[in-house]
Ligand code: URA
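Just one chain follows, in the form predicted on its own, and it is written as structure tokens.
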Amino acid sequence: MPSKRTRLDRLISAELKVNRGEVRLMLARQRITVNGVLATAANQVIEEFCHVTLDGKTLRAKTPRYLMLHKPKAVVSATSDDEHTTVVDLLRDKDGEGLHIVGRLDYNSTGLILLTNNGRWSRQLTAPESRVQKHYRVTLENPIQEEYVEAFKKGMYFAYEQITTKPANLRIIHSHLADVSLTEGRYHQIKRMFGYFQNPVSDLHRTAIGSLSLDPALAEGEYRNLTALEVSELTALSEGLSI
């Protein structure tokens, strides 16, 4: 199977089991198109989702897919697991085929999870430098104090890893409930930040990623495709563009 990103002559050669000289002859005879345009260069770079045809017959036509899912508790953010139900297990039939998870949620955390087959998109969306905000509703076991707000804003030092977290926003809703938004996704980060004040998190629910909020019509375990507008807005955010 050809790699996700390859040269046009390598793709045609691998698909048809012909040598590259024959591919160049096909190009000279204007038999090959890429995304509806006649191809002329053997070294043209073919991306994962390019549409390639020979004599009008499709050789490559992979479609990018983007899903949002409402993750329940007791489900792992993985494509496979020998002991636990995974996010992909929640998808019907072949809906999960070829998809991977964009970021993670802990085993007992709930809320918005994204899945895609577009590796470049997911890497861009989760890269720290993209600074895409993730939003969470957090329930605490003990009352939340005003001093937490400034501590989250300044960032916290974790001695074990010798790192200081990037600034995060904490908004107190009431004594035991808060909204938190941050651009990082370090291991158990929110739980550890509240743990700095010896205040355990009893419930963690992701409500949004960037401009995309969890669809309130989705019950736990349900999912739907993202709209073209939702995909483009998230892409623009991850690229640092205005929307």
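Because the structure is predicted, anything quoted here is derived from the model rather than measured. Residue numbers run from 1 along the displayed sequence.
The following text describes the form predicted together with this ligand, which does not appear among the structures shown.
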property	result
One stretch from 190 to 198, 57 to 65, 38 to 46, 170 to 178 that, in the model of the complex, holds residues within 4.5 Å of this ligand by heavy atom	190 to 198
This ligand: the contacting residue among Asp89, Asp106, Asp95, Asp81 in the model of the complex [heavy atom, 4.5 Å]	Asp106
Partner-contacting position among Ile209, Ile32, Leu204, Leu69 - heavy atom within 4.5 Å of this ligand in the model of the complex	Leu204
In the model of the complex, Phe152 touching this ligand (heavy atom, 4.5 Å)	no
Interface residues of 127 to 144 toward this ligand, as seen in the model of the complex [heavy atoms, 4.5 Å]	Tyr136
